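The chain below stands alone and is given in structure tokens; this is the form predicted on its own.
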Amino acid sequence: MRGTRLRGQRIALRPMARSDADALDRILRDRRVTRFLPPVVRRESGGQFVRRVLDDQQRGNGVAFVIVPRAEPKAVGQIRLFHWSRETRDAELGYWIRRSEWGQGWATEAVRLACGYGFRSMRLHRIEALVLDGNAASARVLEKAGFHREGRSRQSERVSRGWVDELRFGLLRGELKSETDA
């Protein structure tokens, strides 16, 4: 992972670093970005998030990248594979991106790059992603990359407006769609 940089058409994924805390903090202060994130993330500052994620990575529980436009070195989001099990060869995918960058296809490109890395370098068989009901944009991102909706956990997540369902998506090795497949 150290030094691994993944390059796409318009973005790159580079390893998350402590120096990304300020850029990620500005994104985490936007309630429209965080409204569909797990409670622990909604409560964290950028520094707390980066420390927790890098500590988790240090323990071998996954990999974390920041999303950077090819033309700009500043982080506009993050994506990670976590809850990595080497035994069952699976991991969970999580990502978020700065609101001003929504709708440009960068999240989809980041998902494809991160999942490709997971299948190649981490030797994953399966990647799972959880999306809160109502987050249609994130569900579309996953489906464009080849994920299949596999189920619904009823009222399993607490958000400010009450309990919401969580949608489960899965992607198996060999199912990842490229931009030309979509």
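Counting begins at 1, following the sequence as shown. Remember, it's a predicted structure, so these values are computed and weren't measured experimentally.
Keep in mind that the form predicted together with a small molecule is not shown, yet the notes after this line are about it.
Taking the partner from elsewhere, residue 106 is found to have a heavy atom lying within 4.5 Å of the small molecule in the predicted complex. Proximity of residue 121 to the small molecule in the predicted complex: non-hydrogen atoms within 4.5 Å are absent; the residue sits far from the partner. Taking the partner from the other structure, the small molecule in the predicted complex has no heavy atom within 4.5 Å of any heavy atom of residue 126. In the predicted complex, the small molecule sits within 4.5 Å of a heavy atom belonging to residue 138. The candidate stretches are 57-65, 130-138, 153-161, 41-49, and the one lying within 4.5 Å of the small molecule in the predicted complex by heavy atoms is 130-138. Proximity to the small molecule in the predicted complex holds for none of 115, 172 and 177, with the criterion being a heavy atom within 4.5 Å.
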